[in-house]
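Have a look below at one chain only, the form predicted on its own, in structure tokens format.
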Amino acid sequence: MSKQLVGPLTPVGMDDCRVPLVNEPLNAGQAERLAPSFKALGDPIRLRLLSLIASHQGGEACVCDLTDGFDVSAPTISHHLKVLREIGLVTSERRGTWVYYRAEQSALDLLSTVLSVPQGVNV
């Protein structure tokens, strides 16, 4: 897999990935399509940003509300938000001078399904 993130993670073309990996092994194609999203979440700043956005009141967060909790520059935060947006984990909408971010529920549902362990399954 290249160092560049590919994507976005969209429900279209991902139906065959909606199986918990404890039920059956991923094939090469499924792994190739899912890996960029997990790679994006492998960065602690991006993981925290996604968590802040997803848990924010109203389900969306202004970029102005996201930068205070990090010891990195605003351009670095913007870069990480761009990666999350390009991979399909968040969407954004410009309102005046601010950009608002919302977690993409279908993408989170897909990744949750892949990592889920159904009741009664021992791993």
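Numbering starts at 1 and follows the sequence shown. From a predicted model like this one, the values you see are computed outputs, not experimental measurements.
What comes next is about the form predicted in complex with another copy of the chain, which is not displayed.
Taking non-hydrogen atoms only, L41 approaches another copy of the chain to within 4.5 angstroms in the model of the complex.
Using a 4.5 angstroms limit between non-hydrogen atoms, H79 is distant from another copy of the chain in the model of the complex. Contact check for R48: a heavy atom falls within 4.5 Å of another copy of the chain in the model of the complex. At least one heavy atom of E32 is located within 4.5 Å of another copy of the chain in the model of the complex. The putative spot formed by A61, S73 and V99 is not touched by another copy of the chain in the model of the complex; no residue has a non-hydrogen atom within 4.5 angstroms of it. Along 19-38, these residues reach a heavy atom to within 4.5 Å of another copy of the chain in the model of the complex: L21, V22, N23, E24, P25, L26, N27, A28, A31, E32, L34, A35, F38.
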